[in-house]
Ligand SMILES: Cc1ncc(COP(=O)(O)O)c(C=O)c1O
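Shown next as structure tokens: one chain only, the form predicted alone.
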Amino acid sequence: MPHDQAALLTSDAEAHLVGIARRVLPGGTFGSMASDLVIREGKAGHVWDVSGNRYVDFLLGSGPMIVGHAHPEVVAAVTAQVARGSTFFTNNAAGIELAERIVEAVPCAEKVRFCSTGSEATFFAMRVARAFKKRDKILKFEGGYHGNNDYAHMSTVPNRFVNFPNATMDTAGIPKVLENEILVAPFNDPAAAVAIIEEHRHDLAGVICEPMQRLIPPRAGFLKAVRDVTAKHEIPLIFDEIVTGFRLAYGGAQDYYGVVPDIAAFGKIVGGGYPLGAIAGRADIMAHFDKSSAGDAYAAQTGTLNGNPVAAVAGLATLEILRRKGSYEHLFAIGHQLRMALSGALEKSGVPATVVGEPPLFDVIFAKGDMIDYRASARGDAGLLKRFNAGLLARGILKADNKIYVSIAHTEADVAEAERAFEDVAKSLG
């Protein structure tokens, strides 16, 4: 049901499921969103919970569902493949075709290796860079999120600020020694980044970067400065395109921003909503994944579901839809309208806030100022953001904790519904 009220129905069935979740799951969740929401189904730009409440969905499964939920072409492709088998642990036609499609689309891609998640993709991107350079250290940017592997979970959400280039662990359970293998630089500060890379050029195996860091777009010249210094010293530059790949453009952020890395990690969209990740890059670097030729420099990378055919056909169908004329134009137009609606509602409310991001992916940070890096964005009022998200959810708008994802399935009617909710909730915060 649509939402004209700021209260949702909760059925006995949903309450029962929430009770089971709290009993059998740590924190009552799958480890993602801290919410008692239990989704039953999704269609196009909407989802329904088990109590029958409909939501305009700007969460989109944390981004993969850029063509909307249960797109008929994706469903048809997956249904046909499942009837032929779910996994084989050998090459399969769909996986080979998807690798070819990635090579055709992505500027840096000469070879592709599949995995199952974005966290694996960034992990193996760093591993292959270390194998290529025969060095250990990786530089990342403070606030950059590169998944849940031990090397990535450094200085993403630091609880204390330390001097660059020192790293701090984001979670318990990581060996303390790994802090010494990660160097950290400030995002959007080309002078600082170049200086750190120059100083540590003999130790660095690679530099990993979200080209659009969470919500923060790169300033003009920043990515080029990082590209130039890494190229000068022949240090592989890795773009984490788990979020931006096939979202900002068909060729990813490297196409959108015009800076080409040596390696890129993909996930989310590339699997069409199914578990699939990919590492793509220069042939000479990717050759270290080839056991038959790499010798002692072989970077081991195997997985039961690598190139899974069900995920591959979903990815192929999704990319086919995206590359059609008008897909990105619609995505950006809808995203722009939503951004303007959100900015306008917040401005009217008088609440200090800044809308940050690009049209297909953005959100509000409840602070004023130029949001150029993690330390600037960390000034945001987390309490206000939590109230804002809860207010939207009560009015039938579902979003991530700190992101609004847009799909090509969203409509003008969805924008209008969101605009009303933005205005109502912003007013309540003032």
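Counting begins at 1, following the sequence as shown. Fair warning: this is a prediction, and the values are worked out from it, not measured in the lab.
The same protein also exists as the form predicted together with the named molecule; that form is not shown, yet it is the one meant from here on.
- Among heavy atoms of Gly118, some come within 4.5 Å of the named molecule in the model of the complex.
- Interface membership of Tyr145, defined by any non-hydrogen atom within 4.5 Å of the named molecule in the model of the complex, is confirmed.
- For Arg339, no non-hydrogen atom is located within 4.5 Å of the named molecule in the model of the complex, even though that partner is not displayed.
- Looking at Arg214, you'd find a heavy atom of it within 4.5 angstroms of the named molecule in the model of the complex.
- The contact with the named molecule in the model of the complex, taken as any heavy atom within 4.5 Å, belongs to Ile242 out of Ile242, Ala109, Val226, Met126.
- For the named molecule in the model of the complex, the listed stretch (118-126, 194-202, 315-323, 294-302) containing residues with heavy atoms inside 4.5 Å is 118-126.
- Residues from 404-420 do not approach the named molecule in the model of the complex: none has a non-hydrogen atom within 4.5 Å of it.
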